[in-house]
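Take a look at this single chain, the form predicted alone, given in structure tokens.
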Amino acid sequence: MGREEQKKQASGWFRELRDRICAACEAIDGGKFVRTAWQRDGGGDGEMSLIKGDVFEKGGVNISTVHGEFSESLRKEIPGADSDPRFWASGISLVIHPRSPLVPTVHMNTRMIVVGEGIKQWFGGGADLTPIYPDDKDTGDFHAVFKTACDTFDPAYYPRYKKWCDEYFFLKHRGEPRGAGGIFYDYLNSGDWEKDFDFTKEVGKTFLDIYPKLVRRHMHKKWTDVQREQQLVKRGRYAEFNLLYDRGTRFGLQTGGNTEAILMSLPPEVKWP
């Protein structure tokens, strides 16, 4: 399969996954996502899908397929970019901030990146859970399905990607994890594009299977004003991570992406004590 066909298949899958995730969330919430298309001046485009409903206080599911040249600062960080700064990138990124403090916040993204004329190319992404009030069953079920997904492809994936997630989603300035973890992977190029793509698709399908179940498990439970206050404080930690450390945020801003789409992940309401 040629590289252009690979790009077409990957970007098509991210769009299909977006549609399936939005449909699943709408079935839970009853509200509708509002979609906003955007164009990137340097090449490519994307689409934001945003819901503000009864169950999901703010949920964003974004897709984009962009191309151009890496900035001078990024060329030193991206494999192969120092030799050829041209890039192509396609992916899906979502963050859901539920209204109830008892329903966990969640993040998921998957992407494919090509540097230059195929000097380097890889898949990356993952999913992680950020509960306000950790629930052992939620955490166990979330990790179990992703372990099963990983084990189908390589038994070494889950321990490696879980560790990577734990280390990545860590607020260094506070010395604490962002949430209950999950998996995180990057620079995945085993030499078998089909296998790597299938794994990336499995990550998306696994998220689509488990997260609606967790939402339905808690969405009708009553919560208190005290729990809401704790939720707003915890959301502050989420904002801190995304603004200080998140590679996706930095990548989007430094490659001229849509600012509103990039900052979509920030909570709708937040407090610092």
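Quick caveat, the model's predicted, so the values are computed rather than measured. Residues carry their position along the shown sequence, with the first being 1.
In what follows, reference is made to the form predicted together with another copy of the chain, a form of this protein that is not presented.
Using a 4.5 angstroms limit between non-hydrogen atoms, H218 is distant from another copy of the chain in the model of the complex. Under a 4.5 angstroms non-hydrogen atom cutoff, another copy of the chain in the model of the complex has K271 among its neighbouring residues. With a 4.5 Å cutoff on heavy atoms, R15 does not count as touching another copy of the chain in the model of the complex; it lies far away. Residue contact with another copy of the chain in the model of the complex: E47 places no heavy atom within 4.5 Å of it. Shown here without its partner, the chain carries P134, K163 and A180, none of which come within 4.5 Å of another copy of the chain in the model of the complex through any heavy atom. Of the candidate stretches 208-216, 35-43, 232-240, 22-30, only 232-240 has residues whose heavy atoms lie within 4.5 Å of another copy of the chain in the model of the complex. Residues L244, R250, L253, T259, E260, L263, L266, P267, P268, E269, V270, K271, W272, P273 are the ones in 244-273 with at least one heavy atom within 4.5 Å of another copy of the chain in the model of the complex, listed in sequence order.
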